[in-house]
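Given as structure tokens, the chain that follows is alone and in the form predicted on its own.
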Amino acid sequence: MKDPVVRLQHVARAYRTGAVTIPAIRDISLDIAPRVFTVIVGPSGSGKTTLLNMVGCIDLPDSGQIAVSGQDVLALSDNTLADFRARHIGYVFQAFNLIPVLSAFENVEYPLLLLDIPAAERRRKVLAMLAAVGLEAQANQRPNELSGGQKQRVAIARALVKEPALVLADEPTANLDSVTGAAIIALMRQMQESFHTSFIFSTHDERLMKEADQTFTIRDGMLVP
């Protein structure tokens, strides 16, 4: 395997409620291959989302090491970590998480505004990405004017517009009907191949599991065969 896009070494994470400590991730070590579909599966409460959040630098482990694109993310300051996350990691969520008062164009443009990309370059990148996901005609529509599948296409365009090394997708087909979900899976595969992006999914969707190039199974916070 080429150098992994993500490497976890002996990572653990627990949550504390009063005097009670609840382990979420227990001593996980794994390498995630670059430029492929990687799927994390397991029952609800197994730790999938916690693991995804740590890979995405949203949450930090209690112990262990995490490297993303060769960067030891735990060595970064809070501000530097936020900048690294903004530049190198994209997100696709189950609930879409689009900004309701912004158009499809403006939702896709938003990550580029955070990176201070010049206006002309922003427009070029956004229009190209909307074309790639088949939504040129919907550029000026707001989320409440879009179908569920169209919203997820906007979310995929938003995740990819900054050309990240890594896109994390937490149950991206869970709120879609079977036909729309299949179309979104096909679109993400097309985007992964076109942009050479690494996709990491947490999912219960068997169709997405069948598309996986690499699969990790978690149960009770631990990797299992």
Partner chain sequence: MMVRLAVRNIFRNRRRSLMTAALVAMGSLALLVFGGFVTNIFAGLETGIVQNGGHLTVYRSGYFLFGPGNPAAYGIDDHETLMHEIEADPVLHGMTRVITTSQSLVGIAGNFSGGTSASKTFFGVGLIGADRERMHTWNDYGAGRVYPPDDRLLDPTAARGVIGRGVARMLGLCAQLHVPNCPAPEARPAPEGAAAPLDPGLAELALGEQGPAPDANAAPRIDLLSATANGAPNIVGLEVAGVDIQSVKEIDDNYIAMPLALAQQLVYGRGTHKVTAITLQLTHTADLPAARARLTALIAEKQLPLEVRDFKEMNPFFTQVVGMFSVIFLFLTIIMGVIVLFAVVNTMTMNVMERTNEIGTVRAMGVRRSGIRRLFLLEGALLGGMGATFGVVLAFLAIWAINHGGFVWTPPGNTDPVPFLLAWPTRPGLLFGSWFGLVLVATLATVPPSNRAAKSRIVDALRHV
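Residue numbers count along the first chain shown, from 1. It should be emphasised that the depicted structure is a prediction, and the values quoted were computed from it without experimental measurement.
What follows is about the form predicted in complex with the partner chain, which we do not show.
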item	value
In the model of the complex, the one of Ile117, Ala86, Ala139, Ala132 near the partner chain [non-hydrogen atom within 4.5 angstroms]	Ala86
Residue among Leu146, Leu127, Leu102, Leu74 with a heavy atom within 4.5 Å of the partner chain in the model of the complex	Leu102
Contact test, all of Asn97, Leu113 and Lys162, partner the partner chain in the model of the complex, heavy atom 4.5 Å	yes
Option from 172 to 180, 23 to 31, 40 to 48, 54 to 62 whose residues, in the model of the complex, bring a heavy atom within 4.5 Å of the partner chain	54 to 62
Residues in 63 to 95 with any heavy atom within 4.5 Å of the partner chain in the model of the complex	Asp78, Asn79, Ala82, Asp83, Arg85, Ala86, Tyr91, Phe93
